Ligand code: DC
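Next comes just one chain, in structure tokens: the form predicted alone.
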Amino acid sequence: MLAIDGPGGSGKSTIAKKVAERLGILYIDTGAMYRALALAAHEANVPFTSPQEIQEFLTNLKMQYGVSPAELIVIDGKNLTQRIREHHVSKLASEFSQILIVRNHLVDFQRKLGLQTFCVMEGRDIGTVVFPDAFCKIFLTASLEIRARRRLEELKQKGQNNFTLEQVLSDVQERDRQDMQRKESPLKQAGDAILLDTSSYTIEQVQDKIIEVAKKKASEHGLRL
């Protein structure tokens, strides 16, 4: 298990996916899972304040991950891969991910998925909670402004042009606050994780560094990567 954690806009999704491709192993985007469940719950009118209704919702849903690149995340037969990247879903995911039964449900799902094969798993609590014994842990970060600019560019590429840098910066800052201060599995760097600031590096340079570190760690643990 190669665990990559970090705040939104640090580049972890793009980088983790590319690293997995270059290493020829499975890529697991845990953030997509939280986004998909939050969106599905919202559209099913499940109150985020009702543990009983949330538990019933989680018990009855069917979630599929990694069916194909075009179907990364499917909930009850609905392909949500594209829709979870809409800007408003970030806020829903941040709220939904603070609920203990939601986190427990997805941590269990993520562990089962991660134990099936060698993989790169990225999120916000992989190295601290989901797989604390991962052989290699990376914590990616970048300055707040850089992360906001990246997020704004991503939205524009998806045709969402009605946001300003100030709006996105405020949203990223608020998401950081919620992720770092939540009671359950807050975002933080694992004690044995390697910190990489991506602010002034290209995606390729960060990939190269992670692969270099991962191969060294794998060798130390007697693993072949």
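Sequential numbering from 1, following the sequence displayed. It should be emphasised that the depicted structure is a prediction, and the values quoted were computed from it without experimental measurement.
This next part talks about the form predicted together with 2'-deoxycytidine-5'-monophosphate, which is not shown.
Of the candidate stretches 156-164, 41-49, 196-204, 172-180, only 172-180 has residues whose heavy atoms lie within 4.5 Å of 2'-deoxycytidine-5'-monophosphate in the predicted bound form.
2'-deoxycytidine-5'-monophosphate in the predicted bound form is approached by R124, whose closest heavy atom lies within 4.5 angstroms of it. Although the partner is absent here, N79 is not a contact residue: none of its heavy atoms lies within 4.5 angstroms of 2'-deoxycytidine-5'-monophosphate in the predicted bound form. Using a 4.5 angstroms threshold between heavy atoms, L152 stays clear of 2'-deoxycytidine-5'-monophosphate in the predicted bound form.
Within this chain, R85 lines the site of 2'-deoxycytidine-5'-monophosphate in the predicted bound form, having a heavy atom no more than 4.5 Å away. Within 4.5 Å of 2'-deoxycytidine-5'-monophosphate in the predicted bound form, a heavy atom is found for all three of T30, Y34 and A93.
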